[in-house]
Structures are given as C-alpha cells and as structure tokens.
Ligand code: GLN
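Take a look at this single chain, the form predicted on its own, given in structure tokens.
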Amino acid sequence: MKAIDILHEISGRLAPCGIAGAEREAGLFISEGLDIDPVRLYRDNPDITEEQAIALREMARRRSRREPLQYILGCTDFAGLEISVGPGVLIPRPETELMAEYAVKALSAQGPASGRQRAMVLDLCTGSGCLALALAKAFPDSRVFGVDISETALGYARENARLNGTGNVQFLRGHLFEPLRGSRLFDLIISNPPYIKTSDINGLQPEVRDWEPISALDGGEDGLDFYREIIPSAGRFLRHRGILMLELGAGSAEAVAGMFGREGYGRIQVFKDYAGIKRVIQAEWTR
C-alpha cells in the first residue's frame, strides 16, 4: 500500500466524525507516528507495510472517538521541548507557551537579586511539567519546583524532565503550597490553574470534555476558586518584589486583578494572547 492511499483512507474516516483538518491530521499520523518526513510523504509516496497500515488504522480508530491527537501521538512540542502526554494529564496549549515567554522576560528583567546566583521558581498545578521545564531550560542555574495534586500528572512531569535532560527541577505532590517546607522564598511563582466554570465543562469540545482530566479544568462555579487560594497565599512564599504570574480564563482579568490589588501586590500587568484575549496576569509582591 502507498502512503497517499492510507492518508486518503484515514482522512475519509476522520472527516465524518466532525474532525476539522482530517487530511492534515492523517498526514500527521503518517509523518509523526511512523517517522516519515512530510516532504517525503507527498513527494515520494513511499510504500507502507501491512503492519504500519494496521498501526495507522488503530490511530484513526482512536481519533474517530475524539481522543486528542496529542494523546495518540504520545507527545507534543512546548517551547522547543518534547512533552510526553497521555490520559490523566492536561495537554499544553499555545496560550501557556506564550505565558512561558512572558515569564522568561520577567525573570530576566529581575537579574541577580541580593547577590544570589540562582533564581528560585515555583510552578503550581504543574501538570505535564511544561512550564517548569521551559523555565528550567531557560535558566539552567535556577532551582525550579513543580507542584501538582495528581500523581499521574507528576509521572508525566518526571518523565519529561528525564526526556529533556533537565536536572534542576524537583516535582512535589500536594495541593498548591501544601508540600512546601522550610523557608523557601521564590523569585517567580507561576501557574496555569483550573479556570473553566463548572457549568461550562459540558460545552467543551469532546477532546477536552471527555478525555482531559476534569480536575485540571474545573475552576468552580465562577472559574475563580484557585485564584482565591493562590493570590492571598503566595505572598508568604515570594521574595520582596517577587513575581506572581497566572494564566487567565476569558473574561476573568478584571476580577483577578482586583484580588491582586486587595492583597497588596503592585505593578499589576495583563497580557493578551494571540486571539486578543486577556490571558496572562502578573504582579509584584511589594509588602
């Protein structure tokens, strides 16, 4: 069988399932799943073995059930890192990758503080560890901690640290600040917390609603539960003028900025994502 023949077969199976870009995804299955260069796929139309065809049809079967493409492929790219993902862990989004860029800029602007040589970074709700690992890569002399309540997610995070050769990250299990011990103070605390309103969960795409962990999505009745916990507590773990940076749900920027102001943070800034939505907020601890 030729590669283009199986591509048409797979795209024809996916399109009726409501999957936009079915041919593009079929091409990804072949190029990523079987390690065939996309240019070679279309230029040379190589032969596909029967074993390969069976594997590709199994991928298509899973995708037709609206299982996320990233789960099927087993990984996704994030800030130049290969991030392993699968059932039980949130798939990194481009908006979170954008937040990683803002975090690198913010931490770089701080510079060495009080003669310290190593920045201290904390990533709450770390999930796959993508944010923690991106910052650890950008600042190899830093010490980065990632916290999550899910042991499944932490398994992926630790594996991702191994895959990317990142040795300056430690992952801890617990709810938000609970597993932290001693008098650690951080230069940056970052988090992509659950922020979907509970009532909006059922309206999400099947790939999200039916496959990704609800605990990583559900932010409570108004989507703000985790902000109410993180913002008042973070000051105990931030150095003077340390930064707290959070990803925002659509429409929540004003409410979250108000929480920052009431808790004594200064220099509150909000950044928009690629769609023009206010997606990231950061502030300094000034008390």
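Throughout, we count residues from 1 along the sequence that is shown. Quick caveat: nothing in here was measured; it's all calculated off a predicted structure.
Beyond the structure shown, there is the form predicted in complex with this ligand, which is absent from this document and is the topic of what follows.
- Heavy atoms of every residue among Asn192, Ile196 and Ala216 are located within 4.5 Å of this ligand in the predicted bound form.
- Although the partner is absent here, Leu73 is not a contact residue: none of its heavy atoms lies within 4.5 angstroms of this ligand in the predicted bound form.
- When this ligand is considered in the predicted bound form, Leu90 lines it closely, a heavy atom lying within 4.5 Å.
- Of the heavy atoms in Ala106, none are within 4.5 Å of this ligand in the predicted bound form.
- For the chain shown alone, Glu95 is a contact residue for this ligand in the predicted bound form, at least one non-hydrogen atom being within 4.5 angstroms.
- Contact with this ligand, judged by heavy atoms within 4.5 Å in the predicted bound form, is confined among 48-56, 231-239, 216-224, 255-263 to 216-224.
- Note on contacts: among Leu180, Val208, Leu163, Ile149, the single residue with a heavy atom within 4.5 Å of this ligand in the predicted bound form is Val208.
- Scanning 222-252 for heavy atoms within 4.5 Å of this ligand in the predicted bound form gives just one residue, Glu247.
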